[in-house]
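One chain comes next, on its own, written out as structure tokens in the form predicted on its own.
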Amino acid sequence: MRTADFVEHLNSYPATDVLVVGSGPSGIAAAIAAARAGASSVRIIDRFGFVGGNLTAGLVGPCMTSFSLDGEIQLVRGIFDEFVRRMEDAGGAIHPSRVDSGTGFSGFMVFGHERVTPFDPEAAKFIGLQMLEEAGVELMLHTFVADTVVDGRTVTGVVVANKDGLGHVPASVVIDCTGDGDVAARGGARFAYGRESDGLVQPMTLFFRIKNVDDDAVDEYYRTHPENRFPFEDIVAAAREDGSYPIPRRGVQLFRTPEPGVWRINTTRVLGMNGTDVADLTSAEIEARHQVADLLEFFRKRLPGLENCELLDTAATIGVRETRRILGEYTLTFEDLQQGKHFDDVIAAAGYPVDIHSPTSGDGPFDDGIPPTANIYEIPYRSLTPQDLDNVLVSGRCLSATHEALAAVRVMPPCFAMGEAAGVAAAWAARDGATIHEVDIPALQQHLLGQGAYLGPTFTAPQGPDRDDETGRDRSTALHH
């Protein structure tokens, strides 16, 4: 790549104790948790004009399970549960305790899809904003983080670009919730990329929503075609065989939303692209939008219940499943998830299985040959702490994990849980003038428990509101639509 010399005096913004970069699931939770934990100032930066990341801009949904793999114990609680219940109170979500697998709300999937969370992205935008404001978090929207300012092992601030021009935002502690590990990587942190065998990453997907769907007809087709592992798999196979439509997946992954006749579509697939490369991102956006047009035609001509569907909207940005994984003090492995390994520094528990979408084909999720994870597995604090930096935490899909382990913990509920832990740790590090490696882990765990988190059977979780017991199950009746 050609380079050019460029010298500019940066606008200087006020310093902040805790700076959160990215307002997706991890970022929302991190900023709220940091403010509630006593940080004197918390600022969150996002490139869009609203918060939510993949929850909103990416149209990704539903939130995959926040429960154990068998659907019996709610594992991700705390800020995530508060967020969902507030959306539900506003009519914009269905609590996961009320959602069964094998229904339209779970995309008719069974494995790994017990207790998902259907929600409306507009509700997520407002409730996320409201919770950040109530916590006293300063928002800095329409702002892109382009670089870091580094002094040895310390990121002293970030360089941003927005309508003010180029600017410098100083910070005591930074939480990288970019998904791509942008802040940590530009600060000198080493990282892994792709699977070990060939360096390839999971494909990208542009979510979109359709309206005017006959909900009952879709349900009836699923009920009368139990041989389909994925929705409409038989119709897709026929279209592929006769060459009439180049469907990029072996089925149509669609999810019913709380609004009648509106479904999310997770079926576009762009292979071989690097989500940290602007040329690849541009190409992926273009290719995916062409796929949307082809899929809409296919839906109307071939799929029962979708004959009259119309495009409601497409995501503002293509969804990226995997890029950099920052090398932390501990790298979470598939074996850890499979064995349900206990960590002394556990800060989150999850139960979503390894969901690898093949980097080279239309297969996935849950490719054959991948053994299931334990019913409950743990995420350690050390997977959020970069080896090479002293004041940066990573949270979300850029944590320290193998390609296989990432495929399980990259979904939104675990990202909320990681963010909540990272926010508290960052607030305490800033308060004490300590590094993120020196945080008192037992105290952090007790604080999280006090906020309603669940850290596995090793800890006793407080009984939360509207729950019958420590399983976290809601008293409401599950939905069987």
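Start at 1 and count along the sequence shown; that's the residue number. None of the values given here were measured: they were computed from a predicted structure.
Not pictured, yet referred to below: the form predicted together with a small molecule.
Trainee: Can you work out whether residue 437 and the small molecule are in contact in the model of the complex, taking contact to mean some heavy atom pair no more than 4.5 Å apart?
Mentor: No, residue 437 sits far enough from the small molecule in the model of the complex that none of its heavy atoms falls within 4.5 Å.
Trainee: Indicate whether the small molecule has at least one heavy atom within 4.5 Å of a heavy atom of residue 453 in the model of the complex.
Mentor: Heavy-atom contact with the small molecule at 4.5 Å: absent for residue 453.
Trainee: Quick check on residue 321: any heavy atom within 4.5 Å of the small molecule in the model of the complex?
Mentor: Close contact exists here: in the model of the complex, residue 321 approaches the small molecule to within 4.5 Å, heavy atoms only.
Trainee: Would residue 68 count as touching the small molecule in the model of the complex under a 4.5 Å heavy atom rule?
Mentor: No, residue 68 is distant from the partner.
Trainee: With the partner removed from view, which of 429-437, 22-30, 444-452, 35-43 is the stretch that lies within 4.5 Å of the small molecule in the model of the complex, judged by heavy atom distances?
Mentor: Every other range fails; the passing one is 22-30.
Trainee: Just one of 108, 83, 381, 207 has a heavy atom within 4.5 Å of the small molecule in the model of the complex. Which one?
Mentor: Partner contact (heavy atom, 4.5 Å) among the options: 207.
Trainee: Counting heavy atoms only and using a 4.5 Å cut-off, do 48, 64 and 413 all touch the small molecule in the model of the complex?
Mentor: So, yes: the whole triplet contacts the small molecule.
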